[in-house]
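The chain below stands alone and is given as structure tokens, in the form predicted on its own.
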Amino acid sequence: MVMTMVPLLAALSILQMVSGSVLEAFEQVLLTNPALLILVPVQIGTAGNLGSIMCSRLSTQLHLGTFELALDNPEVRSNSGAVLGLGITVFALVGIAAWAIGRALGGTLSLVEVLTISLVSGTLLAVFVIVVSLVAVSTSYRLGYNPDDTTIPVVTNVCDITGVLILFAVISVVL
């Protein structure tokens, strides 16, 4: 397991540095809009949690022999629908909370702007989480690795950087 995880964690650490560089590039936007500053850790944390849930469920199905990577597989469809529904619900609530806290801190963004940014970026991120989780579990199994050991670190780290990129892409369009 150590021989598997060390190179994987080293590569993921490099991805984390890229994510930090993106955040630094948007530092001024975040500092002038407190609601957006609140969204960053919550969005990427929630995406990581959704990815962990999806990978755990898929790994369990794989070990039970019920996992098959196919769009017509009812188990894959139900898990994907659950993650997407949970993501939309959570990202809507996060948007409202970020707007309220941002206003209390002197922010000027409207509820519609913050809610749109949170919902659109969160929904895109939830779809990305589903795809990455399916690919990670399937690839890990095909390469002979235990998905329980490899998929959650991969999905959470990939979602960190992708979450930041998606969030700032949506911010650029909305603002």
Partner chain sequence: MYERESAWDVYRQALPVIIVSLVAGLFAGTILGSEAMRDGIESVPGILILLPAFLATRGGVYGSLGARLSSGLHQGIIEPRFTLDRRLFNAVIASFINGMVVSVFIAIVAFLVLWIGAGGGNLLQLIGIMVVSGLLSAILMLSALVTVVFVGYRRGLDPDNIVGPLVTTLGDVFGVAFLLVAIYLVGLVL
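Worth saying up front: this structure is predicted, and the values here are computed from it rather than measured. Positions refer to the first chain, counted from 1. Note that the rigid core is defined as the largest set of C-alphas that superpose within 1.5 Å between two forms.
Keep in mind the form predicted in complex with the partner chain is missing from the figure; the text below concerns it.
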Okay, which stretch from 143-151, 109-117, 36-44, 127-135 lines the partner chain in the predicted bound form, with non-hydrogen atoms inside 4.5 Å?
-> 36-44
Can you check whether residue 5 is within 4.5 Å of the partner chain in the predicted bound form, heavy atom basis?
-> yes
So, in the predicted bound form, is residue 49 in contact with the partner chain at a 4.5 angstroms heavy atom limit?
-> yes
Using the partner position in the predicted bound form, report whether residue 71 sits within 4.5 Å of the partner chain, counting heavy atoms only.
-> no
Counting only non-hydrogen atoms and a 4.5 angstroms cut-off, does residue 23 reach the partner chain in the predicted bound form?
-> yes
Taking the partner chain in the predicted bound form, which residues of 11-38 have any heavy atom within 4.5 Å of it?
-> 13, 14, 16, 17, 19, 20, 21, 23, 24, 27, 28, 30, 31, 34, 37, 38
Per-residue C-alpha change between the shown form and the other one, residue 165, threshold 2 Å, rigid core fit | no
